[in-house]
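Only one chain is included here, represented as structure tokens and corresponding to the form predicted alone.
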């Protein structure tokens, strides 16, 4: 199951999983048309796929998504916590409501989905999508950075608690796609310096996810896919 799997990086991950012969549950919040189109495309590739809608802003919704996913697919072997939101709020601009809006999809939902999966599955693999910002400090998006840094710590805590049944790892992309409504020039202007001087693609991120899924003895690791940007 890939949360936020209908568009952008999530879609690339779903396509990579199907390419490896895996059946895929595509979670979405509002991208219903994109999710249904993706499911049809994945099924043409010879795998089974399902689209499930959920607004992951409550404990009940997270538990219900895992329950419905198991009901349609039989079981969940892999969970990719990809769904996220991003808003630019400085410390002084942050509100309590803004904190919750950022923390629910970026931290609370991944935690609750991992817990629900651990309660229903004998074992499997989990990958959390992070952000190269966890290695530094970006004061322009304080709630987002805090949530992603916490998810990085949670990844390692979960790796300890859920071993040996599950491996739990993280992938931390750099700038991959411009915000909706913005073009490629926006990304080049705002991404900052990249040591390898190469643009990271959604397929690069998906390949990193697959690499972690294909290894049975790696857990608690965070793989940066950012052209070395986190080193700066």
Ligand SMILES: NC(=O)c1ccc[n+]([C@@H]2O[C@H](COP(=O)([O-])OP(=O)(O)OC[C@H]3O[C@@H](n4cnc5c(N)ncnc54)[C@H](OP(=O)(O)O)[C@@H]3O)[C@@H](O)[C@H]2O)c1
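Computed from a predicted model, the values in this text were never measured in an experiment. Residue numbers count along the first chain shown, from 1.
This next part talks about the form predicted together with this ligand, which is not shown.
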I'd like to know whether residue 191 contacts this ligand in the predicted complex, with contact meaning heavy atoms within 4.5 angstroms.
no
Do residue 24 and this ligand come within 4.5 Å of each other in the predicted complex, heavy atoms counted?
no
Is residue 126 near this ligand? Define near as a heavy atom within 4.5 Å, in the predicted complex.
no
Is residue 85 close enough to touch this ligand in the predicted complex, meaning at least one heavy atom pair within 4.5 Å?
yes
If the criterion is a non-hydrogen atom within 4.5 angstroms, does every one of 50, 77 and 170 touch this ligand in the predicted complex?
no
Assert contact_stretch over 25-33, 66-74, 161-169, 40-48 against this ligand in the predicted complex, heavy atom within 4.5 Å, equals 25-33
Quick one: which residues from 125-151 get a non-hydrogen atom within 4.5 Å of this ligand in the predicted complex?
129, 130, 131, 144, 148
